[in-house]
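Coming up is one lone chain in structure tokens, specifically the form predicted alone.
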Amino acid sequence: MFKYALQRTAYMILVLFIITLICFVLIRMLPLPALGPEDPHAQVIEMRREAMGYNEPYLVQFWIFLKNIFTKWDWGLSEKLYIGQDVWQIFLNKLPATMVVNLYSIIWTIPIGIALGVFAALKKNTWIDYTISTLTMVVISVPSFVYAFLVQYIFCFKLRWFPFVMKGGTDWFSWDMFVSMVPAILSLSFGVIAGFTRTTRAELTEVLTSEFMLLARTKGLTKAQATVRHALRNCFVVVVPGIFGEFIGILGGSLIIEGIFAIPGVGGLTLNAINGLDYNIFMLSTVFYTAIGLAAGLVVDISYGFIDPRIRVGSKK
């Protein structure tokens, strides 16, 4: 497993490097945003561009970019949105909002999704199973921003239970802040619940029809005992890695949901950087989202070996 983890980590770093290089070249091919003579930071930004090698070939620019990151953790300065400010500090200031909203969403959606999946599997081929499975497929098929508009219309406009946008400030765990986050949390939750419901139902249904479950019943275990002691444990071999992946993904957030509910997180920052042609912020966001996606996949793959001993034994053969 250790050798496998090292190989997967090396592949992840290689893929991250290749994607970063491609994105860097594509971004540097775009025309630079103009700087007005009245801008007090124009001279500083021009000096930074010269130091970053903007007049050099792309590979030389990329080498300077990597050298600044690894030696000084310098991602550059914002040139449009937060003129003259350090990109990394801007990003760190936006990260807590994204993490808190996604953390609230995951805390309650994962248990609900697993519970619905277990319930549907135990009621297989009944109207309960058909109803849950149909609703799950419908929810998965609908984009998250559609739920965002429905939540805003029903709970914010009609019922007036929650505000339309997230409250300002940094009191992330206050009651008023939580209430203002509820619409965004609900919008993010539907897809997660449906995903875990479908996965849990599919895995548990397969396990319940396995031969070892019949053997457990013939040895005197009740259906509930056999399900809890054996079926759920085998089912969670697939479910638990998905939970790990979701917790890694709380850093990523949702670009569209954050924009709809005015969440001051990394998603909104990325959209603003695209619209405002702030290339340094967009480059940092691109590397960040790529790293989060790769890290989530790595954690899921490695966690299989720790959860299921059979995988560890098989890897040694």
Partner chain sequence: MSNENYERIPAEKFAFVQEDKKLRDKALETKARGFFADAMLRFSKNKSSVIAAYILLFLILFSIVSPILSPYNVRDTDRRYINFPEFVPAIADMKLGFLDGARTMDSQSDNAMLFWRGIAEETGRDPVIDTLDTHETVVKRRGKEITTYSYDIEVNMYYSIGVVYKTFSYAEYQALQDWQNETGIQAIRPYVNPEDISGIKDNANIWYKVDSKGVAELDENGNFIPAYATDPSKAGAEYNSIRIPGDDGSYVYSTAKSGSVQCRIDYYNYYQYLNGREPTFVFGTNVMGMDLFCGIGIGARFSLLFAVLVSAINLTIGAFYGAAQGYYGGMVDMTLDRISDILSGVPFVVVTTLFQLHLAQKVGVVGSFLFAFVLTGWIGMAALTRRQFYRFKGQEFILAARTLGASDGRLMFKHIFPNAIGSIITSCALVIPGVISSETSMTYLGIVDLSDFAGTTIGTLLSQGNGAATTAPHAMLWPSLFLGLLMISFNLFGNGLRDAFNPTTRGVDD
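Residue numbers count along the first chain shown, from 1. These numbers come from a predicted model, not from an experiment.
What comes next is about the form predicted together with the partner chain, which is not displayed.
Only one listed stretch (150-158, 184-192, 113-121, 68-76) carries heavy atoms within 4.5 Å of the partner chain in the predicted bound form, and that stretch is 150-158. Mapping the unseen interface onto this chain, V142 counts among the residues with a heavy atom inside 4.5 Å of the partner chain in the predicted bound form. Residue contact check for F62: none of its heavy atoms lie within 4.5 Å of the partner chain in the predicted bound form. When contacts are judged by a 4.5 Å heavy atom cut-off, A10 does not count as touching the partner chain in the predicted bound form. Among heavy atoms of F164, some come within 4.5 Å of the partner chain in the predicted bound form. This chain is drawn without the partner chain; in the predicted bound form, the residue among L214, A224, V138, L92 with a heavy atom within 4.5 Å of it is V138. Within 4.5 angstroms of the partner chain in the predicted bound form, the stretch 268-282 places a non-hydrogen atom from each of L271, I274, N275, L277, Y279, F282, taken in sequence order.
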